[in-house]
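Below are two forms of the same protein chain, given as structure tokens: structure 1, then structure 2.
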Structure 1
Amino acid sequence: MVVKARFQMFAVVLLGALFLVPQTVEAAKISELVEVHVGEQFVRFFSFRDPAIRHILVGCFFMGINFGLLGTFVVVRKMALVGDTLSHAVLPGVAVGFLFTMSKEPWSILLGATLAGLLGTALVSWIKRSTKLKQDAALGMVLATFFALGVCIIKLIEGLPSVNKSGLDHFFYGQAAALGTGDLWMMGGTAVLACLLIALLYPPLLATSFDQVFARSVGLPERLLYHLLMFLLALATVVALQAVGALMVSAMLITPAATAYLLTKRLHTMLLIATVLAIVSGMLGAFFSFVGEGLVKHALPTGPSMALCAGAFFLLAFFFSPYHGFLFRWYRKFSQTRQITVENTLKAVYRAMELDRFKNEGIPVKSLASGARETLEATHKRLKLLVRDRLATLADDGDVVYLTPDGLQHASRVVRNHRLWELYLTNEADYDADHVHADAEKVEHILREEQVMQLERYLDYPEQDPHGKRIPSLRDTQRLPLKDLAGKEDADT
């Protein structure tokens, strides 16, 4: 667990450092220079020199805070579709807000969009309450209808003569470069509100998100907290529209939080990781659209490239997460398989030694191979694993195998597990003696020490398995010279 915690710390620090590097290595670039390399562009972009770019980066920072914090609650409360609907439902409000002042005045757009968002969510719960339709259908319907309405109004506005309508399409796909000072103030304000809300009300927010009914039973204002979250979510969505666009808001809201969900088991670390990821994805996304713009010579929307960056981080987490990561699961499976091979090989050597009453320490590899009905090469390959783990040595040009003391100990343990389990199944679970081998083959690798001792006590310290073979005792699984085993084998017969 400590290792995992360190891994998280490391990942966070690494991401943070990655983002700080360009500022420290910043060279004396002049913004008028035509950069050739992506690296130079990177430095220019992240050096905070250019005021326009500074706007973009500050915007991404606030947006990341908003989406990281609120997205986390959206994901753990299973409200992703609600966030998606909200982001689409605000569009007609944007259009009407624009019509009202006939300009991209941020305040009227904010007002219109917030009203439209609230109307949309109210409509969803009204449909849910008064018809048989369930939440997902209601959400999907409202999402599409509101969005369609927004598109129609915006297209109508674009057809109007003598209106400064430049940049209205930014509300679809986002254009971080179009962020004005007013937009930044609103984003910053929302970020401060979100931080305040979560800092002050973290315990009740955690409790209501985990178990609404219980939270209400102890008197927490569950509905009030829910509406507060929804209100902030609406606000965060609206102020981010300009930078990300209605179509991509939900990607930035949900993807960083979903990524963080894979990386942690505590809500507060999830909040932190989601926020960092959202900030970094936003900034990198803005950067890539800036680079692309230089290449294709026309403005590229920022929303999709931000969403793609967030998606790329998700992929990384999907493969490398220490809890659910594809790679780690694969590695765990691989090392389990290897362990089973090692133990089965040890057992085979032990049986061969037992067959000859432990008179000889060395076992010919050829007899092992024919016993296992496999080629010499295959047996060699398995024995090499033992050698690598210092459980055995090969002598005489690899023709004879000797178990090391550690190897013998380990082998005795596996055989002991196997035979105790067989005896347990025949005695206590009414298995026939010829039915138990296959099950014991699996169980021998997973029995824990205390379970084995429990089994032994339960079976009253047995000495022979159902097939009449000796069960190695606890002492045998500790360090023993071979001649002791040989002596016991003789005493048994």
Structure 2
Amino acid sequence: MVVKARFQMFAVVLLGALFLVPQTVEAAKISELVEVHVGEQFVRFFSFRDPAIRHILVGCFFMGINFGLLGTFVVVRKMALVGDTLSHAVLPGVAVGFLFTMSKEPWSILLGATLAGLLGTALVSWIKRSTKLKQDAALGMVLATFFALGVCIIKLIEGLPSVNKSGLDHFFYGQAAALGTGDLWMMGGTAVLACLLIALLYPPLLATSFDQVFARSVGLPERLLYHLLMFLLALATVVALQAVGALMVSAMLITPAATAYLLTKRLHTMLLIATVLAIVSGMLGAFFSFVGEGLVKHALPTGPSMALCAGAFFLLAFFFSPYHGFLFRWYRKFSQTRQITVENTLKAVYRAMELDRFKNEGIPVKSLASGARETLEATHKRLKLLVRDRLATLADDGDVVYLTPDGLQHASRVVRNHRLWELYLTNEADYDADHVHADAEKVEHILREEQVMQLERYLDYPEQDPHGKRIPSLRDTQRLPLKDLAGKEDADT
């Protein structure tokens, strides 16, 4: 199934390449490509009639593949700051590549930026190995130093006479409308290379990403794979600078992968989700940049627009993800807290009935409050949860509580779990009988029925806990009539 997914991703890359139209676009802003009328911009963008728009979408498609695939490995390897450093470290390489040809020639800039990026990552590794500094400190220093060097060189270039400096500022914030044919070919080539290498090296990359010690123990070239990943990451960063900008590359690299991390527990699924999110974020960012001047009367920068769209997807996953979403985690915690409160209240009522030898169906609320050392108001609040769940009823005056058949069944189950676990800790873990109650209080709420039955068989179907109290049997948890419980209690006595 994983192999099938890899070839599907590669097929998507090839299909996307069919949209490639070899035509250079010379424009400073996406919104300058057409007249500033929102309705017309909507129509022209989604009709794909303009070659410039097709260039933008193809560029976003390839960029999304690069960032989705490589960003996933950056996130699972906990190398987010490495990606940020790399995106800033390539800037002096861009400037030096420009100085070689005195023009914005894609291949010279690619070579210079790639070398600068690799030099930056090598410098981080060297500082980490030769000093006592941690990786985050080394990354921070290299990031700031290289970026400052790049800014200074670009400012010097802007001061040179008789040099065409047009478009150099796009490497800071990105401008997808200025993508040329050479840029698209480089982005597409990098995307195909990333797909091929990940498809071929997926098992060793999976192993080294999650357990480097194990990978080295079985002979996998962990360092070689790391440097190969850094090389691909440097290439993807460099080719995306024109579209996203150095300041936003790390956002597009990390955010889609981080979003996918919240949505799945499988790496191959995470790769697919991150790639789709990166592509969609890029295209949506390009769209908002395209119509921005008509909507807000001001042109929106492309790179930040893409990063904002990626951030919006992350917020949705952060709140609504079924695995790690804030709302789902809050609901699970709320439900668990409520369940524990209900079961503890049922257990308190059961114990009060047990002290009375199950002769009376009703238990005075005052005795429950006294036993729990809490106010009547707090006890009534807990009992209302039982009433709401149809596990108990209250007398008209609210002074007496009665368990329903379902409530008695549930209470017997909780007490059974508690006392079996107490006996297990006493017999098998050498706990003192006076020290098992607190642990049993925690475990009783999470034991499943099959675990309880297995525990009961292991203990040879015991009838009493370490304190001499009767352990409810399996039949007791299956709506046993109250009179039968009273008879059992009298027989035990």
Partner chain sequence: MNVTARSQDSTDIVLETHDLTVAYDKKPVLYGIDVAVTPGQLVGIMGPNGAGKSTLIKAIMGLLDPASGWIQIFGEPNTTQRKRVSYVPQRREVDWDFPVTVMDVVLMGRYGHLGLFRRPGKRDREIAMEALEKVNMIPYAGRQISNLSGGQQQRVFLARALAQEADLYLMDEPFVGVDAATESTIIQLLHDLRSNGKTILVVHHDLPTARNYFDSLLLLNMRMIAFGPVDEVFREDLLQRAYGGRLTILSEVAEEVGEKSKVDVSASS
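So that the term is clear: the rigid core is the largest set of C-alpha atoms that superpose within 1.5 Å between two forms. Since we're looking at a predicted model, the values are computed, not measured. Numbers given to residues start at 1 and step along the sequence of structure 1.
TODO: Please match the form predicted alone to structure 1 or structure 2.
DONE: Comparing the pair, one sees that structure 2 is the form predicted alone and the remaining one is not.
TODO: For the rigid-body movement between the two structures, give the member of 226, 324, 129, 429 that sits on the hinge.
DONE: Considering the domain motion between the two structures, the hinge residue is 324.
Open item on the list: Report the rigid-body rotation angle of the smaller part versus the larger between the two structures, as an integer number of degrees.
Closed with: Rigid-part rotation, C-alpha based: 25 degrees.
TODO: Any chance you could measure the C-alpha shift of residue 331 between the two structures with the core superposed, in Å?
DONE: The alpha-carbon displacement, core-superposed, is 3.6 Å.
Task: Rigid-core-superposed Cα shift at residue 376 between the two structures, Å - done: On core superposition, this C-alpha lies 15.2 Å from its counterpart.
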